[in-house]
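For reference, the chain that follows is the form predicted on its own, supplied as structure tokens.
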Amino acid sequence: MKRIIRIELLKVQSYSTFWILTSLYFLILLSIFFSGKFFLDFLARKGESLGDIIDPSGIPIYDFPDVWHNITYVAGFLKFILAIYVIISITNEINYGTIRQNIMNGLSRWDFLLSKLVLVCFLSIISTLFIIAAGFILGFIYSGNREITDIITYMEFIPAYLLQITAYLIFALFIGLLIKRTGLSMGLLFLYTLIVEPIITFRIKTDWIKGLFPLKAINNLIRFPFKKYALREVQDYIAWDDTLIVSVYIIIFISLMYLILKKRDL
């Protein structure tokens, strides 16, 4: 296992695309997080309000404990940037024959898949650690609630975010391994994410059936939080059934990838 981790980290260390995409990802996240309060203050200065009742500048988007739900939800929209790198990584391994060379050097097909899963976990963990750091910084800057109970309440959204981004990156890895072409794999991922599944689920009226689709299940882990500031009810907890569905999909995608590697002529 140590050998697999070392091999994958060496690939990442010398690959400029990794540093470009991850830097872009964290820079965009940072910009969004730290511009949120300024945007609300801007609306307030312009005389905007929510239903002539709520002053935008007073919306506690970064207060403990709301900050955990809010930033994990927002961060979920940018997971496609990391998915791009995952697709580039797996398709380059195939197209440049690296996968064949690794197997000739003693890695089994499962070991190779495990090395790609190590990459997924690495990206997911560093993203989650960034979210944790951002949550604490924003919370201590803007929040008037600094009791320990306020700080740790809703931190369940952190492991939910870790599961969410891991599942999406594994889905991207599956598409890249299946299609083998970088551009085509990215196009298919974006097409399915932004058009195909949203259209299908939009036409389905039953919520629990919608929740069985992979990306809907992944997104359902962290529900839209901002309606509460308009005094509307939100789901401010992680549902066990959403977690179970996503976990099953992770197992399915990993199993399918192993079958592809096992049957494919490399």
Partner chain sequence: MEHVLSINNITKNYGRITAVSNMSLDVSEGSVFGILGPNGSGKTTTLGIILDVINPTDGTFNWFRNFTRKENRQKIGSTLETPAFYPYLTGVQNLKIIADIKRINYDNIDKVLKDVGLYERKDYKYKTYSLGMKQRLAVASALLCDPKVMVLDEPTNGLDPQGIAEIREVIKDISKKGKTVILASHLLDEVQKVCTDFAVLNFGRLIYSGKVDEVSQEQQIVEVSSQNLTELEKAINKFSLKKSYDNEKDKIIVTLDRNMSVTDLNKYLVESGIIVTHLVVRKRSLEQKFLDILNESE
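Positions refer to the first chain, counted from 1. All values derive from a computational prediction rather than experimental measurement.
As for the form predicted in complex with the partner chain, it is not shown, yet the points below apply to it.
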*So, 13, 101 and 107: all three within 4.5 Å of the partner chain in the predicted bound form by heavy atoms, or not?*
yes
_Partner-proximal stretch of 90 to 98, 120 to 128, 166 to 174, 141 to 149 relative to the partner chain in the predicted bound form, 4.5 angstroms, heavy atom_ = 90 to 98
*Taking 4.5 angstroms as the cut-off for heavy atoms, does residue 111 touch the partner chain in the predicted bound form?*
yes
